[in-house]
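For reference, the chain that follows is the form predicted alone, supplied as structure tokens.
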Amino acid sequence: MSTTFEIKVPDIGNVHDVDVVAVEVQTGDVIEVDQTLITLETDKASMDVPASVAGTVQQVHLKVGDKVNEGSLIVTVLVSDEAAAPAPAAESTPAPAPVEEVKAVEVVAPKPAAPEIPPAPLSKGGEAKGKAHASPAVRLFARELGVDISQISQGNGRKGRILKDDVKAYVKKALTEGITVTGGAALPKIAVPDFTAFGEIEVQPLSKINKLTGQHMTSVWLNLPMVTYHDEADITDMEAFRVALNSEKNNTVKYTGLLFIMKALAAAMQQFPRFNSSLSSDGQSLIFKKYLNIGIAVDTPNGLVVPVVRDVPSKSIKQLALEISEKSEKARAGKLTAADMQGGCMSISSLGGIGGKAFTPIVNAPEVAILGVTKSSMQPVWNGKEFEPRLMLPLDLTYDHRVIDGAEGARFMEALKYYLGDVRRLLV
């Protein structure tokens, strides 16, 4: 004896009119439980709908391009009573997990290592099964990340089914432990030879700051499409004003060019709010900040740290000078707290005291931009009639191209140069 069973679209979350992008079965096919019937896709996610019973497909009620909702009929299956009887009622109509948003893998500074993926299940002969149990959508997701899905021995889905979260966990583990991810996006571990074969060596462990900075910068480099825009600002008048301030009698504060750059940067960020934003974790929206804090990269014996100066627009040059001096001393003494380095909206990395003409600073994500500064120099500049000596400051603006396009980056730099060209404009 046989009975007819209808398999319908299960609960797919609060979404409607979902597109059918693949139909994996046809009339006459013999299907098994958990075999993929159709693949659904929205603008944010995709999911496979598996068979809840085993049997022979009598009729397929959907085709590629159809739109479905919860309860839409997928296939009619002829199920034998012998096959249907042993199945517990609770397992006859399992609902798949709600639709998950498909995101690029977010590679962040490592937390505790991803849990070990269980070893591959063994067959009766004691050999590991060679074929990974995963849906077409998960296989596609793995290929897009350059992952050989056969390297993932078993997933956390039903009956060891590999899920997208298992692929993400594998990539994160590859980053933290140096596993080679085979495929297009390989993350191989760099081979290090035995240097003692060439001469005497000394091994010094990296400081904690060095390790964390390296991990974070690697994560940013892998995740952000970054562009660096190079230009120069005429700071002749600004430098004259700075020197005059430092030469005043009874002056107890050391005014540096960095202070004026901070004020000019804050003014430009207020003019271009996207530079004072962050991309949401799902990449679907921008978070605009109503506060404006600037991080200052400080070189210390233990590595680079970035203390944050808060509410820069509301503070005077003198207040900024005192705060920068205090935080720089704390940084070099290793006494900065976590709170001192949180809440930045944009950062400045200055090599002006050392030298150089240009470099490419890496964005301190989740910020969307960083300003690099190198050493100023006197240059001949054409004023329309003749060349005259002007003090020019090289500026390097790196930004996240997902948030800021080239035109806006160039306009932002022009605004920054405008304020640095005459600091009196900051008072308007």
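Since the structure is predicted, the reported quantities are computational estimates derived from the model, not experimental observations. The first residue of the shown sequence is 1; numbering continues from there.
Not pictured, yet referred to below: the form predicted together with a small molecule.
Visitor: Going by a heavy atom distance of 4.5 Å, is residue 299 a contact of the small molecule in the model of the complex?
Guide: Contact with the small molecule, yes.
Visitor: Please tell me whether any heavy atom belonging to residue 49 falls inside 4.5 Å of a heavy atom of the small molecule, as the geometry stands in the model of the complex.
Guide: Although the small molecule is absent here, residue 49 would stay clear of it in the model of the complex, with no heavy atoms inside 4.5 Å.
Visitor: Is there any non-hydrogen atom of residue 242 lying within 4.5 Å of the small molecule in the model of the complex?
Guide: Flag for residue 242 set to yes.
Visitor: With the cut-off set at 4.5 Å between non-hydrogen atoms, does residue 279 touch the small molecule in the model of the complex?
Guide: Taking the distances in the model of the complex, the answer for residue 279 is no, it never comes within 4.5 Å of the small molecule.
Visitor: Taking the small molecule in the model of the complex, would 254, 258 and 328 all count as contacting it (heavy atom within 4.5 Å)?
Guide: Yes.
Visitor: Please pick, from 393, 60, 68, 31, the one residue with any non-hydrogen atom lying within 4.5 angstroms of the small molecule in the model of the complex.
Guide: It is 393.
Visitor: State the residue from 136, 273, 352, 313 whose non-hydrogen atoms include one within 4.5 Å of the small molecule in the model of the complex.
Guide: Here the answer is residue option 352.
Visitor: In the model of the complex, which of 291-299, 154-162, 192-200, 334-342 comes within 4.5 Å of the small molecule (heavy atoms)?
Guide: Answer to the contact question: 291-299.
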